[in-house]
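We begin with a single chain expressed as structure tokens, specifically the form predicted on its own.
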């Protein structure tokens, strides 16, 4: 299944909404789209509210995004995680790398707070 990626700007922050299943087939394309969006010192909100499945390949993309953010002094906030994905990220320890918000509005508030 293909994923859909919609990029917008809100409050001078790049917001990326992802819809669909992030798996071995879709993760490489998602990575190609996401990584250039996070500029050094920039902020990105990744709205995963439309993602119903994420495999280990999807988690790897998130880890690459996190590493890029840390290297370039940027910030990434995840918004709208499904409970099943949040549970997987908690078990694997991935959740501790990210600020997580229930929705995009809360993510933007979290970014403003620093």
Partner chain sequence: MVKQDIAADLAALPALRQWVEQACRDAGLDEAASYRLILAVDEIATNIVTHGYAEAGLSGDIALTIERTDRTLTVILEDGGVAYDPRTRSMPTALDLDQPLEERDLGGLGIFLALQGVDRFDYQRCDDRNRNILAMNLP
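None of these values were measured; they are calculated from a predicted model. Positions refer to the first chain, counted from 1.
Below, we turn to the form predicted together with the partner chain, even though it does not appear here.
- The stretch that touches the partner chain in the model of the complex, counting heavy atoms within 4.5 Å, is 56-64, out of 29-37, 56-64, 72-80, 42-50.
- Contact annotation: residue 21 falls within 4.5 Å of the partner chain in the model of the complex, judged by heavy atom distances.
- The closest non-hydrogen atom of residue 92 lies within 4.5 Å of the partner chain in the model of the complex.
- Contact annotation for 69-87: residues with any non-hydrogen atom within 4.5 angstroms of the partner chain in the model of the complex are 70, 84, 85, listed in sequence order.
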